[in-house]
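What follows is a single chain, given as structure tokens, in the form predicted on its own.
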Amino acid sequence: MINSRFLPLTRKEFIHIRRDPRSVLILLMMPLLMMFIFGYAINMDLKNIRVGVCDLDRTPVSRDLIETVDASSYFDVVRRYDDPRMTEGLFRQRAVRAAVIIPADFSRNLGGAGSAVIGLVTDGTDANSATLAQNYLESLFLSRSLSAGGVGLPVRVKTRIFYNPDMESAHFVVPGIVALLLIMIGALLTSVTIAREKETGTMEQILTSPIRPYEVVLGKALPYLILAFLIAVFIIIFGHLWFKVPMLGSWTWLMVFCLLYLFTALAIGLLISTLVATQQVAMMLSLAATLLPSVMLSGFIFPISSMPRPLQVVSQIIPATHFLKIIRGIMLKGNGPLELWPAVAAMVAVGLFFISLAIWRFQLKLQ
């Protein structure tokens, strides 16, 4: 009984699998790709943390301390400056993520009283990284004190946290969630537009009309851009009021940059809609193409500087990578266009790249 029904049906399914090599390839490659990304991206260790050093002591002892920090694989001393008042400016420009301030009486106190205090400042906009950087530096100074053979702890650390002194996790997480929701919603809204035309059979009417490819793509993007912008305003205001995320910058600039981010998300959705034939596949692909990379590779949870170089390059074509810098910079640091223009320029370039690909793909269909 089983042989007469079960085995022929099984044989038929094997034949279907053999005739669909692309699905088999996807099934084989997807676990490898996921294992590669997860294995390297899920890394809570910090490496190559950019550190600024303000050495007011300028003695061999202080220089030796700086060399100890720079020799560590966790830190890169990228700025040396003489005025402690420059510290906040370096954080606003995202030039450093931690700063060590060595007071003028450091070596004198170390030689006289046997102990001295140094200042350590971290960036609270990324609470996890700030805590890890602080712990790493304190451990480094502790190890150096113990290796010096002195009694007690010769080098004591006085810490200060900029922008999020209470280390509220909501201040770090909520802007990241806004970035994730907007890229996902924006891509979902437009990913079904051209696929819907294909399913309903109205694509032929568009193909026979004198309309140009860019007019079709931009005409489909504009209504969803307005709708996505209204959703974005609601999400951001809700996060600000409900979770008490501070707003230190300009609402106007945040809304302008939010529009550019949504344009990039809609461009990704339009490109996906030109690649697939059904709305269902378009929605699944848009979720896979936006949600997973934005969570894993944008710096939302895992620090980009700790990832391998190839993944760091891939992270630069993910729009959320740049929007996270923008929204955290505006809301938590009070940044403006002068500090954020590199991230804005990169985000716009990614958006133009995807919208150009979408127009090119649609042009192929017209031909």
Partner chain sequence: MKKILNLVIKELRQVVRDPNMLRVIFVVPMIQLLILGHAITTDIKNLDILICDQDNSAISRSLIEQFSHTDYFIVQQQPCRAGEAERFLFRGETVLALVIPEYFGRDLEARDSPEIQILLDGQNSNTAAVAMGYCNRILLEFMRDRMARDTGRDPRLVRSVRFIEPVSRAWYNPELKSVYYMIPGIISILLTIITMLLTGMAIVKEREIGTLDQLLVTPLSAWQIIAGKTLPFALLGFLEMGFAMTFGVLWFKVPIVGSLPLLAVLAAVFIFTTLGLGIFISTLVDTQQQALFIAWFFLVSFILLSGFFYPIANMPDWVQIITLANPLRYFIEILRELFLKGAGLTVLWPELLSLLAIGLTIFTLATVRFSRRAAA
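Numbering follows the first chain given and starts at 1. These figures come from a predicted structure and were not determined experimentally. If you superpose the two forms and keep the largest set of C-alpha atoms that fall within 1.5 Å, you have the rigid core.
Quick note: we don't show the form predicted together with its partner chain, though the next part is all about it.
When its partner chain is considered in the predicted complex, only one residue from Phe229, Trp253, Phe263, Phe172 comes within 4.5 Å through any heavy atom, namely Phe172. The single contact residue among Leu225, Val245, Leu188, Val77, judged by any heavy atom lying within 4.5 Å of its partner chain in the predicted complex, is Leu188. Using a 4.5 Å cutoff between non-hydrogen atoms, Ser306 counts as a contact of its partner chain in the predicted complex. The closest heavy atom approach of Phe257 to its partner chain in the predicted complex falls outside 4.5 Å. When contacts are judged by a 4.5 Å heavy atom cut-off, Cys54 does not count as touching its partner chain in the predicted complex. The closest heavy atom approach of Gly334 to its partner chain in the predicted complex falls within 4.5 Å. Residues Leu46, Lys47, Leu65 of 46-79 are found to place at least one heavy atom within 4.5 Å of its partner chain in the predicted complex. Superposition on the rigid core between the shown form and the other one places the CA atom of Thr278 less than 2 Å from its counterpart. Relative to the superposed rigid core, the position of the CA of Ile326 differs between the shown form and the other one by less than 2 Å. Once the rigid core is used as the reference frame, the Cα position of Pro293 differs between the shown form and the other one by less than 2 Å. Relative to this conformation, an increase of 3 Å or more in the Cα-Cα distance between Gly249 and Met86 is found in the predicted complex. Between Arg328 and Leu120, the Cα spacing is larger in the predicted complex than in the shown form, differing by no less than 3 Å.
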